[in-house]
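Shown here is one chain on its own, the form predicted on its own, set out as structure tokens.
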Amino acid sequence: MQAVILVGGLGTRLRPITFDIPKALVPLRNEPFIGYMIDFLRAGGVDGVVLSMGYMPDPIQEYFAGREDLKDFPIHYAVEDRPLGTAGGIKNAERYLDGEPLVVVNGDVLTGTDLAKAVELHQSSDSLATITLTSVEDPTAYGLVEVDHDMLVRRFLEKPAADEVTTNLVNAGIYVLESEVLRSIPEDREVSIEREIFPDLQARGKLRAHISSSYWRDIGTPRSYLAASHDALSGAVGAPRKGFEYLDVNSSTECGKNVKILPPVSVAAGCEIGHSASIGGRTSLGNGCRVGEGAVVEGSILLDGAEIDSGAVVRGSIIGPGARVGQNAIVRGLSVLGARCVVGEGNVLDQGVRINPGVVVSPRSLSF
């Protein structure tokens, strides 16, 4: 069985990180996210994928070109010349498919769902499509999906008010489709599978649901990306390397005296951690990061080449590649720094501040 992975979006919710990195390649535990998706699909019985691509396709293809372990796992690339939507992106991949039933997954979903079970349930039914659903704590933040006792989809509710909530089930972004569905998608225009194709199938009684209680998270926002990183670091999802649940520090890391590293932490190659620096709270440091003397990094993601100067504090935030947090500056509260930006000495960034790539925030010019 083949799969289509939808990775064509701009990743606007995760900016400024996705100005420089396609969402499919943002790291979790210092591994590109798309690698987790491939592992999930292979474990579910998929034997080849088509990446439906649009925004920044080249870095994704370069990543797979370097994956020697996937030489026997066919990967094709269907690149859009303009946005085609979720269904249009699937249609654009049709030339690489074999005409058999297929799996489709959104490219920003981290999950432990039993994909093989979803496929089995679909094959045992007369449905043209099976959509995986998962439950959420806050149903008002999502579009909801009602089902009946036979697992037929009854209706869709788009982000209802609290008094309109009738279910806590949401679309998990994992589908099993018959080839008939693919053939029904119009060509050469933007088409949404959620707003056009699925409602039509529901009206015909041909859309069923598979409800999963396994781990699931959409990594598309800074909050959810940081939470997904925490989960991957703690071993809640993915297959951690042996001993990783305690500590994972690359052997090339240079650590000064009295450095305190609290697990679970992932420290990639070429990092420098200064004298008396503290790292902890489910933190991930990318290749070549530098943490200066007396600095504190906790519960955060530092992408490749990020620098934290002496005395600085980073808590619960995302620091983009090559960005620098100046001496005694504080970055906290789900703040996000784009690539190569600089936060000057003594500044305090809080409350979800986002700094675009290359911006220099002068000393004490920004404080909360």
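Throughout, we count residues from 1 along the sequence that is shown. Just so you know, these numbers come straight off a predicted model, no measurement behind them.
Quick note: we don't show the form predicted together with a small molecule, though the next part is all about it.
Partner proximity in the model of the complex, defined as non-hydrogen atoms within 4.5 angstroms of the small molecule, places exactly one of 116-124, 281-289, 224-232, 142-150 at the interface: 142-150.
At a distance of at most 4.5 angstroms from the small molecule in the model of the complex, all three residues L84, G107 and N171 contribute at least one non-hydrogen atom. Although the partner is absent here, S317 is not a contact residue: none of its heavy atoms lies within 4.5 angstroms of the small molecule in the model of the complex.
Interface residue remark: R354 is not counted as part of the site for the small molecule in the model of the complex, having no heavy atom within 4.5 Å. The small molecule in the model of the complex is approached by V7, whose closest heavy atom lies within 4.5 angstroms of it.
Contact check for K159: a heavy atom falls within 4.5 Å of the small molecule in the model of the complex. This chain is drawn without the small molecule; in the model of the complex, the residue among E298, E80, E293, E196 with a heavy atom within 4.5 Å of it is E80.
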